[in-house]
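There is one chain below, alone, in structure tokens, taken in the form predicted alone.
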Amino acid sequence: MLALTGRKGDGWLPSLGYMKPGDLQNGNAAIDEAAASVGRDPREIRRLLNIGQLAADPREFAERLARLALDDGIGTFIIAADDPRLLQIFGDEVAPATRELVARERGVRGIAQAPVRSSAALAARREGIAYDEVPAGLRAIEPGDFDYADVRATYMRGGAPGIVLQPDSPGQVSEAIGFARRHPELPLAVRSGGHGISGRSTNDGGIVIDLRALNDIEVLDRDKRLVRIGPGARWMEVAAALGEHGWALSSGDYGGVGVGGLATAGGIGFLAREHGLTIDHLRAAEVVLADGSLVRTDASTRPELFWAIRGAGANVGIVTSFDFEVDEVGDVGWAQLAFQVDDVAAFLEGYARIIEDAPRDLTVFLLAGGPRPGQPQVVQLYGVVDSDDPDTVIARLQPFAELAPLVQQSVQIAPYPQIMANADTGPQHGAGEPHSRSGLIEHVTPAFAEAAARMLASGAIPFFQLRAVGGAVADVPEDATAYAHRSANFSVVALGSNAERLDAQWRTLAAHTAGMYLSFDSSERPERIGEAFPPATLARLRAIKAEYDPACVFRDNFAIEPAAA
């Protein structure tokens, strides 16, 4: 059995109480010899040990365990006892002391811990990736690793990257970019939170730089409401941290989204009509550029870079921290309404008319799906009234109730962090390929409403959304940021499971759109760049791209071609 363990096993778990002197050493030797005979590295076989209470004194107990770890390679100890007092002493005193003793002795011996991958894990490596050249200290997860299942996919898309790098500092981000530069033929994805409707934050066979460890949230100046947020933080975490001070930052409608992707694309959220886009609150940022250098940018320092990261940030570098000026926001009205709709086109027009005529404290989104056989069409509205006065909240919502019969409603006064606490921030396990199309429109015209109604009636679109923009978003000049379509009052999103059917239906709607929001479009059509950026904006971005990323290291997320020299 020891030989079989060496040839095939993942680990060995004997019990010390049943062993005679020399059994542990002889067993390890037999395993090592069998492993070497079939070309395995003996270190990939874990050594565990069931133990009893080896000494009454916790320090002596720890010293005996340390000897077993150092001399016999035991990496895991399982205490075979059910005495609560012993278990508490083991956890509080013995285990920490053992770790300390082992670490100290390894330092004296000059031994450094290093991960050892099994032969099966090594066999899962992809061709063309220099796995052994990953910088020391930079965490790398490979296809054969245990953690790979939790990092391969996003919320919406299944992926199979060749390697996932998880830097924990700007310096390690620079090292990760350097590693990617040595593999110019491979896809490169940058991931913050893992939501990824566009599908750009994972890939097949390429490199993913996963920023989840850069997730600090820090108050820089309480009087100015200035905060610093890492790209790997999730928006529900940000809302909770800011809520402690009575603050908020408009940030989409799903708390599981990562800060980095949204805060460089735009940021259309529940407070947008009153407080603008997320990028409108950005005051400074630290960015690792394509050459690996770390720079700070704001309105006066590298102003062109600062302009570009607000709307096209994926093209010019990886932002490792954002400095935002946030708003004072207390309790708000949170509404979720469902309507039975017989005339979808008329309902869409009515919704849009109410939004455009409403005070800016109202931001409500519309969500609809395809018809279900034998059931009426249901359209949902959900969003925020930035007021804690019930009468004001009801007054803002009442016009919607006159559009169609309400079949379900929930209206409450709630803290903004509670509204954003609507997600699981654990690993993402999306599957398949998302297909989505995005557009921006100034008004819901009768022609647009009819086209949208026909698209929903086709049954090809299970998810159709209108997001209210306008208001404070339009107060910012169109050339102030790389997000240029400031006059749009609505963002349009359609998702489908079949790309061809989605494209066929979207063509009937696209004629009525003017612009596109990057985060919600999975298309790889070349013309999508011109849809996202007007000519003057695109020309300026191409010049900035030529300065900061002339070799197109960042080319896999709505890549802009650098201007010719």
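In case it trips you up, residue 1 is the first one in the sequence shown, and so on. Since this is a predicted model, take the numbers as computed values, not measurements.
The protein also exists as the form predicted in complex with a small molecule; that form is not presented, and the subsequent description refers to it.
Comparing 188 to 196, 450 to 458, 289 to 297, 332 to 340 against the small molecule in the model of the complex, the single stretch with non-hydrogen atoms within 4.5 angstroms of it is 188 to 196.
Taken together, the three residues Asn215, Ala241 and Tyr416 all stay farther than 4.5 Å from the small molecule in the model of the complex, as judged by their closest heavy atom. Proximity to the small molecule in the model of the complex, taken as a non-hydrogen atom within 4.5 angstroms, holds for one residue of Arg200, Arg437, Arg310, His485, which is Arg200. Among Val385, Ile229, Leu262, Val492, the residue placing a heavy atom within 4.5 Å of the small molecule in the model of the complex is Leu262.
Using a 4.5 Å cutoff between non-hydrogen atoms, Ser519 counts as a contact of the small molecule in the model of the complex. Within this chain, Arg467 lines the site of the small molecule in the model of the complex, having a heavy atom no more than 4.5 Å away. Not displayed here, the small molecule is kept clear of Asp323 by more than 4.5 Å at the level of heavy atoms in the model of the complex. In the model of the complex, Val364 stays away from the small molecule, with no heavy atom inside 4.5 Å.
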